[in-house]
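Next up: just one chain, as structure tokens, the form predicted on its own.
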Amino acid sequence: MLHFSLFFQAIDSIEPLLRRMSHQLSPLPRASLASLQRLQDLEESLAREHTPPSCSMSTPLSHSSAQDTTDHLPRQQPQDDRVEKLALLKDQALECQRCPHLVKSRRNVVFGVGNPYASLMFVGEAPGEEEDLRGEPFVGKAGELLTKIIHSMDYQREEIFIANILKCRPNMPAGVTGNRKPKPEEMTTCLPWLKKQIELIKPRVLVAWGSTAMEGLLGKSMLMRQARGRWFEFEGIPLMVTYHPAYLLRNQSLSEKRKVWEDMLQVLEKLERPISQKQRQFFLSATA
């Protein structure tokens, strides 16, 4: 710390001299004044760096508070421009014309929502009618169930990034209601948008909700009862495959819910998130 003290003393002795000279002689050139200001700024910066942060020993840091200061913080890096790049990518996706039949029938391009610095990214299959109307993925009944799953994982929905394999709702024949599965060629055409999202967000873990999302990411089809609960990989990122929330709305037995929850426990472990005993016990009575 001695060299910092000498440095500060030198600045203190020079500054008054320069100011007296400024009154007695001609005004200092702009460059000299700018140099003086930089010296003063540097002094203040060094002083801040060597001032220990204030802390209180009276209130211990709780487990939840400790979690909030680490894993829940955005994983932003200095000079990171992913927000701007994602915004530009979204603007481009909103103007996509690659599938004329989908362009003709869609109301909105459903780009995706969430935290650009998310550690966890969810991938669904395609927008349904409600998603097409609102321009946001997972907003219907399946979306409500997904939000409950997210909260049970001790996340907020805004902390995760949620997207789909297909950005446009698959078109339906005139007079036909409901939703249809995306065609392979539609998923192939749309996949570059999702790949670019993943590249920019850099999640630590991906979750594919349902067989269509799995097929779109992995390029192959498997029975869900064989694929779910297993770790795959998408471009170097661990990928968990599990049942779509819509499946749980049709099959509401606790044993099926427990299967999905076991998959989410694996995701939490992969992310090194704390898991409470209560979380580990969810739906166990159904498998006893």
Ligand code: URA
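From 1 onward, residues are counted along the sequence shown. Predicted model only: the values in this text are computed from it and were never measured.
The form predicted in complex with this ligand is left out here; the points below concern that form.
J.: Can you pick the one in Glu131, Glu159, Glu186, Glu215 that has a heavy atom within 4.5 Å of this ligand in the predicted complex?
T.: By the 4.5 Å heavy-atom cutoff, the listed residue in contact is Glu131.
J.: Taking this ligand as it sits in the predicted complex, is Pro137 in contact with it (heavy atom to heavy atom, 4.5 Å or less)?
T.: Although this ligand is absent here, Pro137 would touch it in the predicted complex, with heavy atoms inside 4.5 Å.
J.: Looking in the predicted complex, any heavy atom of Ala126 within 4.5 Å of this ligand?
T.: Output for Ala126 is yes: heavy atoms within 4.5 Å of this ligand.
J.: Tell me, yes or no, whether His244 is in contact with this ligand in the predicted complex, where a contact means a heavy atom of each within 4.5 Å.
T.: Heavy-atom contact with this ligand at 4.5 Å: present for His244.
J.: Only one of these stretches, 96-104, 81-89, 137-145, 192-200, has heavy atoms within 4.5 Å of this ligand in the predicted complex; which one is it?
T.: In short, 137-145.
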